[in-house]
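Let us start with two forms of the same protein chain, each given on its own as structure tokens and named structure 1 and structure 2.
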Structure 1
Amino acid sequence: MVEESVRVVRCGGSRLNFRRAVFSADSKYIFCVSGDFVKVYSSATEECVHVLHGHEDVVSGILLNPNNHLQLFSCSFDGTIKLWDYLDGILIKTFRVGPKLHAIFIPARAEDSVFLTISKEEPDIFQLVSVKLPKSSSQDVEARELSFVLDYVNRSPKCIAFGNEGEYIAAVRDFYLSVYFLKKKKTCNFTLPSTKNKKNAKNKFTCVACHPKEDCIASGHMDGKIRLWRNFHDDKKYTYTCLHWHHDMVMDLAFTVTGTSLLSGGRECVLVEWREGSEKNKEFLPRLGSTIEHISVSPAGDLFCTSHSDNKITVIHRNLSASAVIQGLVKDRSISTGLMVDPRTKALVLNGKPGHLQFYSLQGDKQLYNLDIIQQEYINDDGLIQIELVKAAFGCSGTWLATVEQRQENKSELELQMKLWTYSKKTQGFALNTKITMPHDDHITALCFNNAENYEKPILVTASRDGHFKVWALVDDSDIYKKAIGWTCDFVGSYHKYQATNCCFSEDGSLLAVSFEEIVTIWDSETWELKCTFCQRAGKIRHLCFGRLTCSKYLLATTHNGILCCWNLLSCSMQWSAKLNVSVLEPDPYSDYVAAVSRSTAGSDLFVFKPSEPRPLYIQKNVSREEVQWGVFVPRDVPGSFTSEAHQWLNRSQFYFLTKSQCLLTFSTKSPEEKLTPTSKQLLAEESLPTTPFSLILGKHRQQQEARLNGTSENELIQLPLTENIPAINELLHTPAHVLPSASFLCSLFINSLLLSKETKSSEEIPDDVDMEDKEESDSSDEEKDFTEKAQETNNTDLGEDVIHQLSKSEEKELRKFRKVDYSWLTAL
């Protein structure tokens, strides 16, 4: 394999709630922005169907093409508008506009012009401009003719709305509502009182929405009021109604398709439906989990969706019942547990929603599940001191999970709780086993399990600022009522009343290293005897870890004043030390490599080394401009095959790290082109109509009709549904016409696919099918895979007989019928 350069790539976990999600016309799909990509989710199954790659910067707006509802517009900070075929995930066109685009709007009646929010030269001043999209057949089109529409608009697309099929634009900013009438080119401005007292200061506009049928503008405000503006054609005669339920700012507003209801949401985590704009007639969908940031309504009117601050999209039925949740990586809180890998699912584990531990699948870029650790109702209120989940650790290959939560009202009052969870195979989840209140008298600084395989009894060690480390052991807790096991304190160790700052077990579990400020102590894990101490007097220990595999005789430590030390445990002496301000020190559990991320003024640098030698094997300067907070090695499913010394560390595991702004990054060797190839070969499910009662009736009617038509010839009926399983036909039918090869080329393929005989081993078909198989990759559906396997088998002449033997008699019968069918009509095509 050719060695490629290793790059830092963003690996999912980007904000799904950055902009309003968009529904497809039939409500089957939900589109949402996700960093540089646009993701297409199925609204029914919550699965990601496509990822639309192509933008080079954050996507800032998406919109269905009003003239063709099978196409999607997207705009990005990279200054381009792209038009996608979302069913196939194909980029159709790119319009290069130039400046950074913040939002895109297309009124219903606009022929070919789109409205964009761009920033002027000065920062924080935004303009709404319109651009005519040239009708050109080329894929890459320049569209630089901007015509100015409105000045001083808010950057957020929530603050601009188009009403009455694009007759007017409502834009809000601070205390102003401006209504711009496109035909008359007239602007009406309405101002709310802004000064004098505190009450008025909360009059600020936060969002705006326009009624789809009537001349009515709804605006949301900081104080939780919603104003419905009418008669805004006249500067004087305008009038508005107030709707007030929210106690905090209104985050977003949306009218339903018919305009009979208005939806609003905010920090209360409640979706409010105002029926007929009346204050008394409202419905609620409470307990949505976190702040509602965006609300969108499907064009068909049957679904709503809300985007939440915890990177979640909730799909809601028209009758206000949540039907699906699309959850990304929760990022709205500080990560105090660090990054962990669940040994069972290989999922990334970290703080999620308040009081929860989230299990996040790196491959699928979605949350697997949330584990409620604190198990208390979260009250969303400013200034309320919450219980926080601060530490977590997995033990015994994922059988045990230890968590620590704390709440500190003031300095003297600390509430601590340690919980131990056991994995229940029956429920496939963690269940609470032991709850220990106040395991220590002060903050717990570290906790670790003895993960060695040769130990039957799991052991947990906690280190605390109160100067002790405690060893917790699993004991029999059975009583006359039930058999049970529980955790109890086995040993308490301390060293000269120093604060214990770190602890870690050696790989074989025989040694425990605990750092007490500047001193590292080594304990025998059998007898809990202090074996030896290391003291460098170089500053307090920040990280502590043992080497793995061949390097298990080494102990690594970093200090607060920027020294990385390595001790040899056999000789009890310092092996080497280096001056490096390490912020993350992470050993790979599956190899003997250790990754260290150091912090410098320019950014963060990565060093990979083996503890046995003080020479870094791999250095990547400036992996991120920000501080790297946490890192973790995640084992690869398929080991890589890097041969060069510098890249060998990537073979077994992949290193993921999290920066201060909560960007999840990793190292990849794939070239960007490879990553960005549109996966056009992924064929979508057939576009059959949804099964409505009407379609059922219609289907029945048709069946009867067909039955009557066929009458006696039923026996000779060609089984039409069978063709659906033939990939060649599928491909022919589902691939967009403009990417298909010429019909003459396809014809023979098509005919051959319909034939079923020993002639299949024609020289032409074999390469075709092989090619097809390559294209299908692992993503194609199981059904199709099965078939290609079969096809391969049939292609193989040696196995051909066996396959036929496998067929049942009835199938054979049918196959014979096939041969009788006259295909002469095909020649006429």
Structure 2
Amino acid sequence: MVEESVRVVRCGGSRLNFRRAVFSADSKYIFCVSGDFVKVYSSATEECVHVLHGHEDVVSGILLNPNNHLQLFSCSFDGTIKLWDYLDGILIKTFRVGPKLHAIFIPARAEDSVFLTISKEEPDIFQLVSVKLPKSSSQDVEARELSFVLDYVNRSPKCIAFGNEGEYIAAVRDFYLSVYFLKKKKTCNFTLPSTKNKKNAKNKFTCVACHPKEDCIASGHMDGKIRLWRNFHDDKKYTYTCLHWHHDMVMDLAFTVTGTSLLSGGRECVLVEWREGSEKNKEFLPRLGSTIEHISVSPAGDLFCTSHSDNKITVIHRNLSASAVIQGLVKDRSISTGLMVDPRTKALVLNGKPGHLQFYSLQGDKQLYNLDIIQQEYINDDGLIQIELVKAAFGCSGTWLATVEQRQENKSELELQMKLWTYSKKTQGFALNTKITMPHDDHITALCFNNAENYEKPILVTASRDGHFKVWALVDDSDIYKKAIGWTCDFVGSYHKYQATNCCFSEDGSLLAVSFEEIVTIWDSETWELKCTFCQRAGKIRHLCFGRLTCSKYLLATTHNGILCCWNLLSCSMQWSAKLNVSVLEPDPYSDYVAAVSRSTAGSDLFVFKPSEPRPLYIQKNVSREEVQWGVFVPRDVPGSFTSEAHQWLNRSQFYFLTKSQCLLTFSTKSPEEKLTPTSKQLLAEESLPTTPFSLILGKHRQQQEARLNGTSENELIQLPLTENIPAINELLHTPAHVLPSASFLCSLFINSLLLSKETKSSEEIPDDVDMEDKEESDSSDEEKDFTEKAQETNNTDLGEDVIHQLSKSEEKELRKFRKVDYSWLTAL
């Protein structure tokens, strides 16, 4: 058996807010870029219907094909333009342009031409060019003839807009507005004051939008103002009016389809609708959660959508009411909690929006829910020092959750809180149980639970820079009013006033390892006595973990000086050490493998090994060009089938890791989309439909039908539904309508497939027919006697729970007459 090669794939968590989202012509679907993919979402159910994959680099722009509303254009940093059939998720054609493409524009009257933003050889200088897409039957077409249009444009597509059905182009950069008329090939430039005083310094352009029918340009600025430009055909007679509501920069602008309203958004998390271009006539949709970065309008005009800084897309009705939210992996400023796995839902848990933990489904590539830890209103102010969630850990199979939050304005003022949350089966969520103010006098560096099954009461250990580690135990906190439990400090340990940097429990929970700068200490978890110490003097300990299963007698540690050490706990001696600059050290809790990610000049390398021997079992160079900051093993729902020694570490768990730019990657043989056949994709789309009462009834009926079929014995005669497993019906239902033959051709095939074959006879029917022919002349009394004997034989036969109804001789005669009827006339339909 030849195994497939393991490769690094982007498993999700990519930015959904990198570019504006695009609606389909009927507003049923929303398209958004997601790394090097294009995702197709249902605007009603929020489910991902298709993933269009084919680009080799980040997708930088998407637009509907104006000549065919069932097709979609996409451009990428890989220098190609791809044309998709988004309903079937099929790549139709690839146009190879060459240079790195940053944006794509298609005006209404363009004939086989697209406009692209490309980068020049000089850094930070971009051009707007036009490319004519050649007509060819080939799927891979060269389109390298570029025509220059505008120079020194902004790379962001929000800074370029086409107006009045493609008659002119408006482009903004810094303090300049350029209007290029395509027919006249004339450019008019407009400048705002920038250096006279501090007030004018915020006149910088941030975005631009053009009226769909009139000669009007709307521009957004750093000071929160919106300017409506008119009469811009002349450099001297132009005029503009100001609209001002935003207190900070305007992030994006968009006109409605008819042009009667202008939509704007910014850091206030409020969508503003300016009606008829009047400052007095405006409507608001507040509390959208985070900064609005992009605004899109559907071609039908019935829906809007906003893209937010927390990697979220909000679908909004025309009456300014939010109808759906598509939430991706939230990109926080720093993932200080690391990557964790919720033992109950197997979801990935990490920092989300400020003050929250996000629970993210890796299988569905969507956020399940947010847990508000800080429970305070977030104030969006750059100069304000916020309360930060810095540590979190799960314990007791997901029953307990410990979190640490801190706020520090200067070195002498530190606000520290530790919260213990318990999982409530009634509410299916976490509820606050204990809140401890200032559990330590300095920053908490690590916390861990004793997750051994043989310990009845949970134990939590925290380590801090104040030189102590504390053991917290769960005790009875009942009073005369109610029964309750709470957490209290049970033990405080230290070692020569060194700072405690890491802590972890052994697999059976009998030992606790705590690192104090360069020294590792081993403590008995029953008596909290110091058993032994390990000192390598190779630098401060960065990571600390015990081995698992067959390697539970080993202790691993990494240092800031680039040394990986392994100690044998039975002999209390160094087993082996290696020179390796490890940034991530993660043991697999379901096997005895350990993954180590090291930093090198070319990127990050992965080493998988067992602590019992220093020889790596698997090495993957350059898993990422940037630094890998966190990693975690997630258990598989279905165990893998890898047989080679190098890939057996992927059988029970899957390793996910997060890069510095917060890109979530993993190891796989195939991407999830490549594993799907066309029929599976169709079934996946059907499963993504919303849950309705009818679907629940149908699902219950199917379950009962399957249980009935599985419960019957082999000797029982079962007549399956006629429409199952018939190729004609499967072809008819699962083949796209535009490629099907005519209905007259399919009709005869379809009708014939529904008819029972004359030759199909069971083993019980054949002797019955012979017996009927031999005794056709017998009297009625003999028939009744035969029927009685036949019924008795049937009752004595073991047919399982259900008994087949036995037909009388007269009924069987009637059936024989129907079998001889000629149904050939149906073929003429």
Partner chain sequence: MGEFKVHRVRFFNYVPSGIRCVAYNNQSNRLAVSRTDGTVEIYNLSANYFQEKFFPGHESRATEALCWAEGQRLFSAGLNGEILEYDLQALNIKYALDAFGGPIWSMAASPSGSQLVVGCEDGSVKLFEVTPEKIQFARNFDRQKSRILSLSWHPAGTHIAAGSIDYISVFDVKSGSIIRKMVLDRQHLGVTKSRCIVWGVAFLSDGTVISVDSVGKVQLWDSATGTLVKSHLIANADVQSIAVADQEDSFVVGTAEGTVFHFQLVSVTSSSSEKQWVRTKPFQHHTHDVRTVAHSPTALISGGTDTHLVIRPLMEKVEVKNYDAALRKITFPHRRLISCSKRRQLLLFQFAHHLELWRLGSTLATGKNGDTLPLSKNADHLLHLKTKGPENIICSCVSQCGSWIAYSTASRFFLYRLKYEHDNISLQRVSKMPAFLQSAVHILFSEDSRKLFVASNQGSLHILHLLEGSFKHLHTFQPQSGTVEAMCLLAVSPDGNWLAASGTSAGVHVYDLNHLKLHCTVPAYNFPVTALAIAPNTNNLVIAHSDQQVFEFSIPDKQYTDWSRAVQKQGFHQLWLQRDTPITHISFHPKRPMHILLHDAYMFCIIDKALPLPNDKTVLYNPLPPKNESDVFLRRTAHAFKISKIYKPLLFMDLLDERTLVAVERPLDDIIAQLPPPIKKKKFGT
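Treat the numbers as computed from the prediction; the structure is a model and nothing was measured. Residue numbering: sequential along structure 1, first residue numbered 1. The term rigid core refers to the maximal set of C-alpha atoms that superpose within 1.5 Å between the two forms.
Structure 1 is taken from the form predicted together with its partner chain, while structure 2 is not. Relative to the superposed rigid core, the position of the CA of S137 differs between structures 1 and 2 by 2 Å or more.
Put the two forms on the same core and the Cα of L150 is off by 2 Å or more between structures 1 and 2. V634: CA moves less than 2 Å between structures 1 and 2 after rigid-core fitting.
For I92, the CA shift between structures 1 and 2 after superposing the rigid core equals 2.7 Å.
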